[in-house]
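The chain below stands alone, shown as structure tokens; this is the form predicted on its own.
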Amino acid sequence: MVTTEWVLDAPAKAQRFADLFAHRRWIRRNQPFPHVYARDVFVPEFYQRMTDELTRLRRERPELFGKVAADYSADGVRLADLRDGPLGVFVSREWHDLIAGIAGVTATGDIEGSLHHHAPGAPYGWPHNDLNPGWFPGEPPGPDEVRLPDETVNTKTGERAPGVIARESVRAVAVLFYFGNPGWQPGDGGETALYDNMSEGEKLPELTLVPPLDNSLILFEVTPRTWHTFAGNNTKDRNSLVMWAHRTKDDALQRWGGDRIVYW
């Protein structure tokens, strides 16, 4: 089912984006799992600044691009290294509150993620639901703050030196923003594959392919059913920004149960 809604009306603190968003007509879809889809998210001038920043980073700061995960084909730049340019909008408290409000989640102010780049010919990923823990340094952020991972705490395991304060939370809202893929056409590959519920029944899951169209996004509350992956077989460079806002572990346990959280 697809419904078209003004999903940006309800969340608070969206005023900062009044001059940045091209429109507020985002689409809420219920299949294969609930998510929000939007095209032409930012006005052209701001979107161009984002793509210029991507080009600049690849040209002037190649050392920032590291492998996202040992068994994953993307290299990327951490959100913590993107604070000072136009991509810093994704680590603002206003953006955090906006996406949490759309998803209907009480989020902690903790954010993680990175810019992802898949070289042409990248392989198909593996289905996953993102319901993973995340460790963040320090005390909980205040109402106008966000907290990102740093080098003092292992984000996946919580490992840290004695005396370092850290908090365990769980991914709650996922955002995939596509940019830097000019002229994408069907057949170019690199879509995001969304699955129906893989934990029920024995039939092969059905797929919904989301194309990596420039200046578009998908957003969803992370649940045990939000199975998705990178579809691979891209004929050109494929770029996106992937991020998560978090909820407290107690909230996640109450909502999903401890056995549904996927530990690394």
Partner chain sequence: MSTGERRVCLITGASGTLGDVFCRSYYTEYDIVAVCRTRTPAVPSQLEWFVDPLDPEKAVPENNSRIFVVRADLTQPGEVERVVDLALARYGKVDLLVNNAAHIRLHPRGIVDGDGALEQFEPHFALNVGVPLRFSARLAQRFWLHAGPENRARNRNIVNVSSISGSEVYPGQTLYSASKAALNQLTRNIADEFAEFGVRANAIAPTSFPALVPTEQVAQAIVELDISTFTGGVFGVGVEPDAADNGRDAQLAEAEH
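Bear in mind the structure is a predicted one, so any value in this text is a computation, not a measurement. Positions refer to the first chain, counted from 1.
Not on display, but discussed next: the form predicted together with its partner chain.
Undergrad: If the cut-off is 4.5 angstroms on heavy atoms, which of these, 255, 24, 249, 16, is the one near its partner chain in the predicted bound form?
TA: Going through each option in turn, the one that passes is 24.
Undergrad: Which one, 109, 180, 101, 76, lies within 4.5 Å of its partner chain in the predicted bound form by heavy atoms?
TA: Filtering the options by heavy-atom distance leaves 101.
Undergrad: Report yes if all three of 153, 157 and 160 come within 4.5 Å of its partner chain in the predicted bound form by some heavy atom, otherwise no.
TA: Per the other structure, none of 153, 157 and 160 touch its partner chain.
Undergrad: Residues in which of 117-125, 79-87, 141-149, 93-101 have heavy atoms within 4.5 Å of its partner chain in the predicted bound form?
TA: Of the options given, it is 93-101.
Undergrad: Can any non-hydrogen atom of residue 49 be found within 4.5 angstroms of its partner chain in the predicted bound form?
TA: Residue 49: no contact with its partner chain in the predicted bound form.
Undergrad: Is it the case that residue 28, even though its partner is missing from this view, gets within 4.5 Å of its partner chain in the predicted bound form, heavy atoms only?
TA: Yes - in the predicted bound form, heavy atoms of residue 28 and its partner chain come within 4.5 Å of each other.
Undergrad: Counting only non-hydrogen atoms and a 4.5 angstroms cut-off, does residue 36 reach its partner chain in the predicted bound form?
TA: Although its partner chain is absent here, residue 36 would touch it in the predicted bound form, with heavy atoms inside 4.5 Å.
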